[in-house]
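As structure tokens, one chain now follows by itself in the form predicted on its own.
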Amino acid sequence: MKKLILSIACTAMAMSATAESEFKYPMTREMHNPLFVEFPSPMYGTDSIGRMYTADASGHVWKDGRLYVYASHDLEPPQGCDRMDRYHVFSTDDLVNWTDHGEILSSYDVMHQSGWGIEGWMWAPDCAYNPKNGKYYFYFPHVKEALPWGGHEWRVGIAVSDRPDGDFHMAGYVEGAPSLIDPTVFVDDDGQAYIYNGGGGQCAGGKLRSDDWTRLDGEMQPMHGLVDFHEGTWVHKYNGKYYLSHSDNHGTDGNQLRYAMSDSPLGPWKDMGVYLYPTGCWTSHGSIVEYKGKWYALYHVNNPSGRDELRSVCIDPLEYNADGTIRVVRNWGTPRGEAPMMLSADKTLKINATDFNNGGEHYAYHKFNIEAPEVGKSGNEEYIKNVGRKEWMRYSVNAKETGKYDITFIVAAKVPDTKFHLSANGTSITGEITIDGVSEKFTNITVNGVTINADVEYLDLRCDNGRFDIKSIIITPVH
């Protein structure tokens, strides 16, 4: 039976490979955040072609000076994370024109070349270059055999190539690495390579042998000092300090990305807080890379699909403070006008729904199938029409100090069981709000005693279910 299942799996993957072979790689297109969705991608187990969905971006600049991004690949239709497979690598020389170099490795390759593994389950990868032998090492998590969810035996697989953009061949797996996901490799200034992996609250790190980057030099050890570690380890170095970044277990609008600092690549680490707020996607996973003298954060969102299993990579500038701490990545667009709307304890703030941020789909709003939210008119007031499930608008709002407010939404439900919430910096501050009834007339819904902190940069209005119109949000200080 196991041989039959394996045969069917390989046949399905071969069909997808046939579909992709019709495209000529490398393929270059101009694009902006969210990235890579303009490239074609094979649909799971068919000859059909859909959009390219990518996540877990690992960014590197190699000796040719280009920025390379190694990402996981979400195949559609999705089935949890089971159908992540068939890694591609992307590169750019200007952050505008991106090249898809095509598929570099699949679970079929692992089974065919190494004799272990199963279909799918190719999660967050990384790549490292060894100048001593001129080889590129591609590290990825994969399971040895099918077991119940959460009970898989994970291995860190390795493929090697003379090129950064293809021709990778299996070289086994890292024996002795803990059964954890999301491997990453950091190469220090002296050429020593360190490997890390982690998931489910555990994070481990250790050395790779200087003469063989497929083998450990001693045992991997727990990384101490991390706060609320979930997964997605990444290590980089800036001004002599080591930084370990990772996703946390934050909820509501998804995981945040945190970072810790150390004087050693293996810690102990000191947590320094959040550098990327939740994006609305349940997962978060990123990398930090220097490119042409500037630093950038790579991460993923679920905007254009609206599904947490179909994600898209993004890139934004990352800045450091004078003391080496990282500033929160400003990926929320710019306010309409010269400054954010200000909240204070002595004045009511009215936010017109149409005054959402500038910046496009990823930074200001998300609206399926059309370029921007629809605008209607009621008397002399404009309003946003038909905000649907997984759609949102963003508003830059700053508070002078932390305080409590009553928040009133002027809305009209278009279908039964319509629900929405308001988030500050990616964390819900209202809980889920239900609009009772369906009506063409606007009604007021007030949530009392909401705490808004002084560090708030933006508010998101997110639709959880159904569809509604919204005219305004009125925020009144509680005295």
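Each residue number is its position in the shown sequence, starting from 1. As the structure is a prediction and not an experimental result, all values here were calculated from the model.
One more form of this protein should be noted, the form predicted together with a small molecule, which is absent from this view; the next part is about it.
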Picking from 78-86, 397-405, 204-212, 130-138, which part of the chain touches the small molecule in the model of the complex when contact means heavy atoms within 4.5 Å? 78-86
Distance check, G157 to the small molecule in the model of the complex, heavy atom within 4.5 Å: no
May I ask you to state whether H285 is within 4.5 Å of the small molecule in the model of the complex, using heavy atom distances? yes
Within 4.5 Å, heavy atoms only: does E119 come near the small molecule in the model of the complex? no
Contact test in the model of the complex: S72 vs the small molecule, heavy atoms, 4.5 Å: yes
Picking from D109, E231, D100, E391, the single residue whose non-hydrogen atoms come within 4.5 angstroms of the small molecule in the model of the complex is E231
Proximity to the small molecule in the model of the complex, single hit among W123, F356, Y259, Y196 (heavy atom within 4.5 Å): W123
